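Only one chain is shown below, in structure tokens, and it's the form predicted on its own.
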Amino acid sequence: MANVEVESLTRVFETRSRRVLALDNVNLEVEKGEVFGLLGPNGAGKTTLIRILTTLLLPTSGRAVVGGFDVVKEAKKVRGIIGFSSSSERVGFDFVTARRNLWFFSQLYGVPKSEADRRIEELASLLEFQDQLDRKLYMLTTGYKQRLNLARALINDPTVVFFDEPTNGMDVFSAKKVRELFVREARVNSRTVFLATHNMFEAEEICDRVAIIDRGRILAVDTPENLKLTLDKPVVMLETDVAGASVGDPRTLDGVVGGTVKLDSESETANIRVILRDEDYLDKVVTLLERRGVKVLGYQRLEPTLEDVFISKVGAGFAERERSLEV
């Protein structure tokens, strides 16, 4: 049973100088008890979609239903059954304890006091910040504030919970605990977890399905493994001298579908990751690079990642797309 249904959803932002198509005819269905990932670079439309699904923004056209309620016509009902957390938002009130902050937000949803107290203790235990509950918010480290923010999204026992870049800036241990929590909430409590991220590892590790988005358009939707299996072209990493960093767009090399170029200043080398049309182009690419004065030190064939699927469709990686969106 779908807990999130999106049909032909479009959102346009207009200013005096330009028109920005943030979402372009998006269609999605997310099931009950599913961890669903919306994967894409910053500026691709992830946050805009979540803001519409959480009733914080109206769509320009199209329709979205969350938990059986229309996000425009039944916004109040939607707000009662969802939770939302963003790493970029303010957590709560600085001079109030973590416990009282969570209690305050529980009361906005009308959670009975005894149930609220139980939920606060349970979430603090799951996210391992029990010893921080009676400290004022301003005294908490950034990591504990982020955990508090996640607990706030779950305090009302939501049917659907939305997370926007939830582990952004977290240390490895904290991020692992958060990912475990997401899976538990989906499996144990049959909660729909809708996760917007540009962290490929995160998406591959915990998401049942992933939608890849760019420039407001959904490029593909499937399980991480199935998405990688759709890429039938070879992925190769070429290690070069520093001159490789000046290659620019790898698609200028004959036979290259797309790729990324990264400079490693410590080793004074550059890594050029390319997706080839077929295996026969590898020698040609090496020859072309050497003609441009780039010395190829070695290469290796790689298993495809979700970003490679993205690259195969748009020709560039997440970081390159983010830079293009800033222009």
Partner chain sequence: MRSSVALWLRVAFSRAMIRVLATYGDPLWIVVNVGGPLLTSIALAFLYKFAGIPQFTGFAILGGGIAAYWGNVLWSMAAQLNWDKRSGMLYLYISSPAPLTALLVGMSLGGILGTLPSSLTVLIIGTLLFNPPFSPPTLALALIFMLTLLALYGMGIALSSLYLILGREAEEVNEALYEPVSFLSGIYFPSIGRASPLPLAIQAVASLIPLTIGMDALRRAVFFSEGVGELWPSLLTLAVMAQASIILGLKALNYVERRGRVTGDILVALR
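Positions refer to the first chain, counted from 1. Owing to the predicted nature of the structure, the values given are computational and were not obtained by experimental measurement.
Below: the form predicted together with the partner chain, not depicted.
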Q: Have a look at L227, L148, I82, V193 for me and say which one sits with a heavy atom within 4.5 Å of the partner chain in the model of the complex.
A: I82
Q) Want to guess which of 247-255, 218-226, 112-120, 232-240 is within 4.5 Å of the partner chain in the model of the complex, heavy atoms only? A) 112-120
Q: Identify whether the partner chain in the model of the complex is within 4.5 Å of every residue in the set V72, R90 and Q107, based on non-hydrogen atoms.
A: yes
Q: Check whether F173 has any heavy atom within 4.5 Å of a heavy atom of the partner chain in the model of the complex, and answer yes or no.
A: no
(Q) Quick check on V183: any heavy atom within 4.5 Å of the partner chain in the model of the complex? (A) no
Q) So, in the model of the complex, is R51 in contact with the partner chain at a 4.5 angstroms heavy atom limit? A) yes
Q) Closest heavy atom of R100 to the partner chain in the model of the complex, within 4.5 Å or not? A) yes
Q: Pull the contact list for 124-141: residues with a heavy atom within 4.5 Å of the partner chain in the model of the complex, in sequence order.
A: K136
